[in-house]
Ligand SMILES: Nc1ncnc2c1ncn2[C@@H]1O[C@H](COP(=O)(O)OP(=O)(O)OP(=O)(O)O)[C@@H](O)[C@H]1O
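Take a look at this one chain, the form predicted on its own, written out in structure tokens.
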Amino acid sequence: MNILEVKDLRKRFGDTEVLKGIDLSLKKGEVLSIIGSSGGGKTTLLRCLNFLETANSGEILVNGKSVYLARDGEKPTVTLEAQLSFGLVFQQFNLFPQYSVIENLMLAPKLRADAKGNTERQEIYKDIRAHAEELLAKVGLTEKADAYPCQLSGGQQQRVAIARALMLSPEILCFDEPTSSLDPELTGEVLRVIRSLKDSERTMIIVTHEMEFAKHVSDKVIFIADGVIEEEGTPEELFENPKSEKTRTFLSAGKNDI
């Protein structure tokens, strides 16, 4: 069974249709990279999957269960399960500057526990902190637990953002250009962490401009152009033998990165 299925997903902004019927599927543990030129719809797709944008029509299924269904002119159906199925790592980190690293990681799980009205909160908070410390160790930042975002490099902030996204144990972890704000040295830090997550068989969707990285970390790659999936396949198929003229043109323009 596929962990994720997206069926005919469409999104408009005013009269402009940005996503024109996206269909894709992903198995548990697979890594999907999404590539394409700016304005093609990559980030909009990711934001629709994380419910930061509301698709006008289409369906999203997780583990065979419909978590989002929308038809033109009707109010979409979104389950609570949908919101917890995805985690998103943003381009610009989006850490809360007033909180320490460990507090940034613990905030959402603590709010979730409070919302459930748990009576043994101190015990639950202790477990949440232990989980946060475990994830900080996984991204190599144990010693930065009590530091504030302003005291970290860009690469360290992005690694904290990855750990934070993992705190609620999402089924699918999404990355929106996770290295676009970083210089080459810091980019390497973040890409190593993402590779380690692949080794632990985590399901991931990565919007990236790092073609070499996409080629080596992905199980599947899709090329989006003008709101449609122009081409999809394994990294070998798409990078070494692209069938679409648009794909060939795009890859040719960035051939020094591959």
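Numbers for residues come from their place in the sequence shown, where the first is 1. All figures in this text were calculated on a predicted structure; none of them were measured in a lab.
Absent from the display: the form predicted together with the ligand. The rest refers to it.
Subject >> Heavy atom of Val18 within 4.5 Å of the ligand in the predicted bound form >> reply: Judged by the heavy-atom cut-off of 4.5 Å, Val18 is in contact with the ligand in the predicted bound form.
Original post:
Can Lys42 be called a contact residue for the ligand in the predicted bound form at 4.5 Å between heavy atoms?
Top reply: Yes, Lys42 is a contact residue.
Original post:
With the cut-off set at 4.5 Å between non-hydrogen atoms, does Glu53 touch the ligand in the predicted bound form?
Top reply: Although the ligand is absent here, Glu53 would touch it in the predicted bound form, with heavy atoms inside 4.5 Å.
**OP:** Report whether the minimum heavy atom distance between Ser200 and the ligand in the predicted bound form is within 4.5 Å.
**Re:** Contact with the ligand, no.
Original post:
For the chain shown here without its partner, which stretch in 60-68, 189-197, 212-220, 31-39 has non-hydrogen atoms within 4.5 angstroms of the ligand in the predicted bound form?
Top reply: Looking at the other structure, the answer is 31-39.
Original post:
Considering only 148-183, what residues come within 4.5 Å of the ligand in the predicted bound form, judged by heavy atoms?
Top reply: The one in contact is Glu177.
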